[in-house]
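To begin, one chain is listed below as structure tokens, in the form predicted on its own.
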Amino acid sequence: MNRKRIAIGALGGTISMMADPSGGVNARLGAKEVANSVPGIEDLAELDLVTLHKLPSGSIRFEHLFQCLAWAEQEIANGSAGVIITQGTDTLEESAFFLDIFWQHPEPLVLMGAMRSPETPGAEGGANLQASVITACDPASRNRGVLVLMNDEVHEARHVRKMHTTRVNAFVSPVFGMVGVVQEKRVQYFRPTVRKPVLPVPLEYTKKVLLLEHTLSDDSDVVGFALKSGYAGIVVAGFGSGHVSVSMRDALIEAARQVPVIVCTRTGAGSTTNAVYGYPGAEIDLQQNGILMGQWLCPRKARLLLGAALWNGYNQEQIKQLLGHWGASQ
């Protein structure tokens, strides 16, 4: 039987980092070096290895991700059964969701990384890469969009979050849980993945969206500053199930007359509510004044979705409908 062709693109991150003479670790390994360090990986699939960048993940920008997207789509056009992107874990959840917004193919796009650099005892990057190849090869991974593979766990891009700074089990999907596991060299899925409406790749992506975490007794002036600075949308990580102070409420209502505004929850798990609280600054009041609720989307991912919508020229009603799809529980 012919082996499947899997493309692996390296962006950098801890999985590629080696000791630097100046201290600490730095990105030095490319896709070939990372793959060649995994015994037997060439037996799993025919691998096409490309080093796209060598970046710490905090330095990844939208242009890098659009380059990755174009490369991945070309690999699918060339016959790859799946694509893997290796990158740093600091922004892995955001990269995965960003790509999921635009990934239109049934073939899986798997993002993965490592919490420990290759020279560290217990380094798990090789195991993560092997599990990613297994996942990308499996027919059950088709029509699931973008997946994140860490610690033998498969997560959906929409739900996964990095919840610990250093542990190998840092990635979890609060409330929803992982969608599958890799065990005995095969992937086992627990439920179907509900695909969401994907957006066209925009011609330009210059419109900016502010993400603001709302905190106790903070100042709402930043909202006005954002509008004066040309931000085209605002996402607020609000209190509880999507609430803001009275002063922040007034600033956001004024802003919502000019740009789309979304309020999410800063708690880390759970959805915003729609019709529980009625005081000024709570969800009923905010929605009555044109502000959208993020539902199950975390603030970081709501920012990316709003940006993608604005780049495609979506109006307020279209953004509301899109948020209804991506922010839903199913």
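Start at 1 and count along the sequence shown; that's the residue number. A quick note: this is a predicted structure, and the numbers were derived from the prediction, not measured.
If you look for the form predicted together with a small molecule, you will not find it shown, but the lines that follow are about it.
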Worksheet item: Heavy atoms within 4.5 Å of the small molecule in the predicted complex: which stretch among 136-144, 203-211, 245-253, 81-89?
Response: 81-89
Item to complete: May I ask you to choose, among 51, 287, 271, 57, the residue with a heavy atom within 4.5 Å of the small molecule in the predicted complex?
Response: 57
Worksheet item: Of these, 131, 72, 114, 157, which has a heavy atom no more than 4.5 Å from the small molecule in the predicted complex?
Response: 114
Worksheet item: So in the predicted complex, does residue 10 come within 4.5 Å of the small molecule, heavy atom to heavy atom?
Response: no
Worksheet item: Counting only non-hydrogen atoms and a 4.5 angstroms cut-off, does residue 308 reach the small molecule in the predicted complex?
Response: no
Worksheet item: Hey, in the predicted complex, is residue 161 touching the small molecule, heavy atoms inside 4.5 Å?
Response: no
